[in-house]
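What follows is one chain in structure tokens, specifically the form predicted on its own.
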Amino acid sequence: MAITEKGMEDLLATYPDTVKKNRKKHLLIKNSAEACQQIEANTRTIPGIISQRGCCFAGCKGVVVGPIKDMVHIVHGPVGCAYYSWGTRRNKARADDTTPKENIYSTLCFTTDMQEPDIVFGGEKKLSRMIDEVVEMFHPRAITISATCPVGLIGDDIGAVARAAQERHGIQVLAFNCEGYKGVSQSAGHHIANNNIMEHVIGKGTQRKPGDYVINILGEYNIGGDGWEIERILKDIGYTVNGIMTGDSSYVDIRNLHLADLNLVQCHRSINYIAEMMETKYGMPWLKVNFIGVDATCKTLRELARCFNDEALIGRTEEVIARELAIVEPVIEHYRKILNGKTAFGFVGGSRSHHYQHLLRDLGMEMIVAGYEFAHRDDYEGRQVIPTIKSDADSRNIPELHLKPDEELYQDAHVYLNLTKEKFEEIKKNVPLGHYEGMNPDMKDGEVIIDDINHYEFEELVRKLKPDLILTGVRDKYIAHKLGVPSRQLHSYDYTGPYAGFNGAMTFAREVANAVTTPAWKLVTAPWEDGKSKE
């Protein structure tokens, strides 16, 4: 079943004219006959509409900064904000050669717990005292301070507190002015975190990890162990993972990110800023990758090997792919018999709704409605549209870093990959180095693309198109369940994972098959069924 332009008009008909005009720009029916279908994104949600978006603080501390395991992350604000961002993403971390277990603070929650007197008289002294206590008790390598809404409203200068603490204790203290109201969604927080880490942490180290093919993985947050599965595959092929931003990452490794040969970008939205800034400052090339799905993982591994143009590496890549496929294909085939022909919706993140289309297609399923919570136009239409995106007041609220090539460390991209300039340019014609084509090209004609979906549109599209599965964030999974449709929660995987790589594909296939075949959903009556049981 597909939705028509008439059906889309009916969907919007209930809105007042101004709301209808606004929301119409955020919806598309894919039509490959139109050369450049444009969608509006990264604009403010209309007041009163229930969105699935998070705030700037959630994007900064909750997504990018929080997973760094050997830094103490202090939330300067009410305890509720701190609790929301503590452990809800299931960023797994473990000790390794550079980070002993006593330096891992991922399971702890640090907050100044601002109260009414702090709002009236200011919270800087309280924050300063807390930093002193943290240093005395835990002796961390570095500290972050993330501001929530009240801090910006009363004007606490967390930057001054951080600088004084840094001088007092001799460790780096980073202040993130990521108050929740900044920007239009968590995307603003990603940008603020990227800028601060790029300006103050990356490039400060001097130790490159040994290996012939040293890579960074950017935008991988090790939800449910995704990063460990990706790292397992890459190490078997012969790569050295220099650092990960930021799942299971350490402050020590992030300081050395500039010493790798290539950046891999998994989540484009949350981390493309650092990839682009490292390209500007150090000349380091980057490759958009997707480790979600069997075919997608194989494609990424082959493109990665071609970047280095090394026949031995290409051969080893094929050996590992053949070994993994021998295990995973019989399992996927088993579940494909159960899932073939079923449909799904996906409303997650800034890349996941795109990435998971590949895994669903491995299983014979099709994502017929897809969208993001906090994406920009380039996440839908591709990076070639970036020069055409108009800057607004919300965008200008986030300071831009204007970097120049580093006089000592900058080198041309082909030098990083040990290629001639001519060979590098030849490889770029076939491998998307420095480019991301976005989600829209992978959608099929007649499928729906929707930005910042709200509760009403979610429910109406489910009623019209009756999907078998919905891939959701934390909150909208409950809407799906109340409508009698199973979901997989892809923000933190609830209790399971990994879903990335070859082992992750098998886990996902088993859980999706279990979800869509469980008889429990037949016991739920959707509102439009008017009290009648589902057939």
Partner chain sequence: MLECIPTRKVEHTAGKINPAKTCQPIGAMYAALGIHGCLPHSHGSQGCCAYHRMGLTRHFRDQILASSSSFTEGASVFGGAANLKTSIKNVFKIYNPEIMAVHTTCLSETIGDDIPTIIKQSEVPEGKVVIHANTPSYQGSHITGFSNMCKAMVSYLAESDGTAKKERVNILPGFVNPGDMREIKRIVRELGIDLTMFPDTSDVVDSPLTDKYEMYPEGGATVAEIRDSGNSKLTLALGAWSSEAAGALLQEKCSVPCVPLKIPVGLKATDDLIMALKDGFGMKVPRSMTIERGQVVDTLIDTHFHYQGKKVAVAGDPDIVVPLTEFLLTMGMIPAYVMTGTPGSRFETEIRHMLEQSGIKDCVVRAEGDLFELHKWIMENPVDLLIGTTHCKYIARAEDVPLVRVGFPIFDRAVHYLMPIVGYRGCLRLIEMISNALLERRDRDCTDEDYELIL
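Numbering follows the first chain given and starts at 1. What you are looking at is a predicted structure, and each value in this text was computed from that prediction instead of being measured. Here the rigid core means the biggest group of C-alpha atoms that line up within 1.5 Å when the two forms are laid on top of each other.
From this point on, the text means the form predicted in complex with its partner chain, which you will not see here.
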In the predicted bound form, which of the listed residues (V252, I104, I389, L409) lies with a heavy atom within 4.5 Å of its partner chain?
I104
Heavy atom within 4.5 Å of its partner chain in the predicted bound form - the one residue of V415, L465, I154, V385 that qualifies
I154
In the predicted bound form, do Q207, G283 and L401 all reach within 4.5 Å of its partner chain through at least one heavy atom apiece?
no
Tell me the stretch among 318-326, 217-225, 273-281, 122-130 that has any heavy atom within 4.5 angstroms of its partner chain in the predicted bound form.
122-130
Does its partner chain come within 4.5 Å of any heavy atom of N514 in the predicted bound form?
no
Taking its partner chain as it sits in the predicted bound form, is P527 near enough to touch it, meaning that at least one heavy atom pair lies within 4.5 angstroms?
no
Given that its partner chain is not shown alongside this chain, does L259 nevertheless sit within 4.5 Å of it in the predicted bound form, heavy atom to heavy atom?
no
Give a yes/no on whether E116 approaches its partner chain to within 4.5 Å in the predicted bound form, heavy atoms considered.
yes
Counting only heavy atoms, which residues in 169-193 are within 4.5 Å of its partner chain in the predicted bound form?
G180, Y181, K182, G183, V184, S185
Large Cα shift (2 Å or above) at K522 between the shown form and the other one, core-fitted:
yes
